[in-house]
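Here you get one chain, nothing else, as structure tokens; it is the form predicted on its own.
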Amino acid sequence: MVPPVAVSPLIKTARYSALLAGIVFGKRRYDELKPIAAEERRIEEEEKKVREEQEKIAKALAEASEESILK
């Protein structure tokens, strides 16, 4: 088994700096995208309600236009 190699302090510092920079970037990006996603979900919910209402109306019209024994 080969003994572990000592890692340069400069490399350690660079690795941890990159890690922290990534965490900060990710947090900022998440905070930036969160309200956009919430707005998209709200719009999608409104569109879903309208679509369901239109499907309900179309179904009622289709049932009304079918030939019935009662006519």
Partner chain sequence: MAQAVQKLVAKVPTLIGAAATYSKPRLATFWHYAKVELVPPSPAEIPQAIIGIKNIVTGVNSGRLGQTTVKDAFRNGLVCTEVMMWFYIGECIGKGGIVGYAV
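Bear in mind that the values here come from a model prediction, so they are computed numbers and not experimental data. Positions refer to the first chain, counted from 1.
Another form, the form predicted in complex with its partner chain, is not on view; read the next lines as being about it.
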| item | value |
| --- | --- |
| Touches its partner chain in the predicted bound form: L61 (any heavy atom, 4.5 Å) | no |
| Contact flag, I57 vs its partner chain in the predicted bound form, heavy atom cut 4.5 Å | no |
| In the predicted bound form, R51 touching its partner chain (heavy atom, 4.5 Å) | no |
| Its partner chain contact in the predicted bound form: R42, any heavy atom under 4.5 Å | no |
| Partner contacts in the predicted bound form for 1-37 (non-hydrogen atom within 4.5 angstroms of its partner chain) | M1, V2, P3, P4, V5, V7, P9, L10, I11, K12, T13, A14, R15, Y16, A18, L19, A21, G22, I23, F25, G26, K27, R29, Y30, L33, K34, A37 |
